[in-house]
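Okay, here we've got a single chain as structure tokens, the form predicted on its own, with questions on binding and movement later.
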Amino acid sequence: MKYLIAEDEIDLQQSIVTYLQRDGNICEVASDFGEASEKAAIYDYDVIILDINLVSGSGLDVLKTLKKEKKKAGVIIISANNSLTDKLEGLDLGADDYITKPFHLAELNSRVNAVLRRGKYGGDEIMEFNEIKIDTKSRTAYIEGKAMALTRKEYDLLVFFISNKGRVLSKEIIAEHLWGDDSDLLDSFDFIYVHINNLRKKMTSEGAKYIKTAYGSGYKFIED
């Protein structure tokens, strides 16, 4: 999954990043209001962890913009303020959850997973597309009940494709999803071609021919 951690306490920010990256997630960061607003507007995330009291602005204003622009990211508000008013305002604006500092990282992780299940998988830990089934908890994909031998990037690609089935995904969007901020450091998209081709071969060998090339545009995950 891909997360944005908008938190101006750098030690806490980096602790969250380190914890969430253990499961292979992509974590981008924002350390002030301006950076949080810019990244939330430009990029798509699965979950945004959003501090209310950001430097130079309020996280609630970022949340308002997210909802106005109909961004689909789940949002968890974090704050040092245990005020019921702030909590209710954040939830009324469309936040999916609220956690108060100090908190255990394991609790935050559980809340993130709960938001993901409600948002992406309808409360379930299983994604399905025809004969393909993905157990998001164990990070295992199956075709006709047979487990696929996927690398981490191939698994992330498959989840990304199924979550965006029917949409044309450009090479730039795929790179940004898989590598986050580091995608700007890539010299070329050769790595993307390799990962997509390997995934497509593994799927095709089991009869699942859903990854199509949209020539000049990118790739699309659709039925024949």
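Just so it is clear, the structure is predicted and the values come from calculations on it, not from any experiment. Numbering starts at 1 and runs along the sequence shown.
Below: the form predicted in complex with a further copy of the same chain, not depicted.
- The three residues 3, 128 and 145 each lack any heavy atom within 4.5 Å of a further copy of the same chain in the model of the complex.
- Residue contact check for residue 164: one or more of its heavy atoms lie within 4.5 Å of a further copy of the same chain in the model of the complex.
- Not displayed here, a further copy of the same chain is kept clear of residue 194 by more than 4.5 Å at the level of heavy atoms in the model of the complex.
- a further copy of the same chain is not drawn, but in the model of the complex it has no heavy atom within 4.5 Å of residue 179.
- Residue contact check for residue 170: one or more of its heavy atoms lie within 4.5 Å of a further copy of the same chain in the model of the complex.
- Relative to the shown form, the Cα atoms of residue 137 and residue 13 move apart by 3 Å or more in the model of the complex.
- Closer approach of the C-alpha atoms of residue 163 and residue 42, by 3 angstroms or more, is seen in the model of the complex than in the present form.
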